[in-house]
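Take a look at this one chain, the form predicted alone, written out in C-alpha cells.
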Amino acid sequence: MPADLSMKDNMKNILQFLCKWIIIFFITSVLIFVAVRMMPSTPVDKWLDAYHLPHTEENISFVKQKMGLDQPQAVQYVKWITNFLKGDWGVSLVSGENIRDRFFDKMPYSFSIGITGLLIGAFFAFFLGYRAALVRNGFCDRLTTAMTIFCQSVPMFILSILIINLFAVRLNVASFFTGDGRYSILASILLTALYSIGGLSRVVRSAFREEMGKSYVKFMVSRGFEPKSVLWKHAYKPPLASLISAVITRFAGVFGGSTVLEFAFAIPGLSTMLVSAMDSRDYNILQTYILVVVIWMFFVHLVLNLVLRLLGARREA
C-alpha cells in the first residue's frame, strides 16, 4: 500500500510538473508574440529603410503581404505556434533563411561556451566551497570571496579585451579572429567558468557550514573523526543539492549569457543572431528564440530535478 501511494505521488508530481511547463510555454508564447509587436518600429519599416524605399501605403502593403503580416494578429499567432509545434520554425522576415537551420548552425558555439564553462565552474566551485568551509577566513575562504568581488566589480568585456591584448597583441601566441576559432572558444569557456566559480563556491561554502552545525556532524567530530573527513564522506549531499539548485538558474544564460563573449571574440553564436534580429525587428526569430529558451529550461529542470531526487533532496519542481 505505501508503494502504491508513493507511485501515485510520483505520478501526481510528474503531471504537475508537465502541466506547469505547458502553461509556461503557452503564456510565454502569447506574451512574446505581443511584446515584439510593441517595439517602436516594425520589420516592414526596417526592410524599406534597408532598400531605401519610401514608406508609401503601396510599399507597406506589399511588404506586409510578403512577410505574412497582413493577416489579423490572432491568425498570425495560431499559424506560428501551430507550425512551431510541428517542427516548422518558419523563416526570417528579413533574410528569408530557415530559422531552425540557423539555430542548429549556431547552437554548438553558444552551447560549448555556456554549458562547458558552467560545468567547469560548478566542478571547481564545489571543491573550493568545501575547502572554504573547513577554515573560516582561511586561504580558500578568502580566495572565493575575492573571486566573487572581482567578478562583480570587473565587467567581462574588459577582461576579454585585456586577454586579447595580452595573448594576441603583446605575446602573439594566440589568434582570436582568424583560423578555426578554437582560441576564441577556449577563452570564452574559461571566462564563463571563472565568472561562475566565485558565486557558486560561496553557495557550497554556506551549505557546508550549515551542515557543520548539525548534530550528526558534531557527534562524529566529538567521537574523534576529522571534520574534513566527516563533511566529505557524510555531509556532501545537501551542499551538492544547493549547488545544483544554483546551477539551474544559471543554465538560462547558456543562450544569451555569452553575448559579450561572442561579440568580443567574434564568435557566430546565438547571441549575435539575437542582437541582429532585434535590430531588424525580425519577429519570427525573436519569438522562436524565447520559446527555444523555455524548452531548454524545461529539460534542464527535468534532468537536474531528477538528480536532486537521487540525492534525496526535496525541492519544488
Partner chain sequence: MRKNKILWILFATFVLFLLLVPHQNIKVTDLLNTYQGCSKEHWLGTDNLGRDLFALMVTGGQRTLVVVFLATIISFTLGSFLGMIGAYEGGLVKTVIQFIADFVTVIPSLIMALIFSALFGFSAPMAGIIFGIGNLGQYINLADGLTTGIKEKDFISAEISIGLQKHTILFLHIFPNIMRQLLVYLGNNASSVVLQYAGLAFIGLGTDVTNPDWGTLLYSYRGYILTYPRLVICPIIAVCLLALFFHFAFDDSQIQKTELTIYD
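Note that the structure is a prediction, hence the values are computed from the model and not measured. Numbering follows the first chain given and starts at 1.
Although not depicted, the form predicted in complex with its partner chain is the subject of the following passage.
At the 4.5 Å threshold, heavy atoms of V63 stay clear of its partner chain in the model of the complex, well away from it. Taking the partner from elsewhere, I23 is found to have a heavy atom lying within 4.5 Å of its partner chain in the model of the complex.
By the criterion of a heavy atom within 4.5 Å, F157 is counted among the residues contacting its partner chain in the model of the complex. Although the partner is absent from this view, A50 stays clear of its partner chain in the model of the complex, with no non-hydrogen atom inside 4.5 angstroms. Annotated contacts: L18, P54 and T178 are all free of its partner chain in the model of the complex [non-hydrogen atom within 4.5 angstroms]. The single contact residue among L190, L143, V78, M212, judged by any heavy atom lying within 4.5 Å of its partner chain in the model of the complex, is M212. Shown without its partner, this chain lists C151, V94, A241, L128 as candidates; in the model of the complex, only C151 has a non-hydrogen atom within 4.5 angstroms of its partner chain. Stretch 219-227 is the contacting one of 219-227, 79-87, 98-106, 113-121, since its residues have non-hydrogen atoms within 4.5 Å of its partner chain in the model of the complex.
Contact annotation for 157-178: residues with any non-hydrogen atom within 4.5 angstroms of its partner chain in the model of the complex are F157, I158, I161, L162, N165, V169, R170, listed in sequence order.
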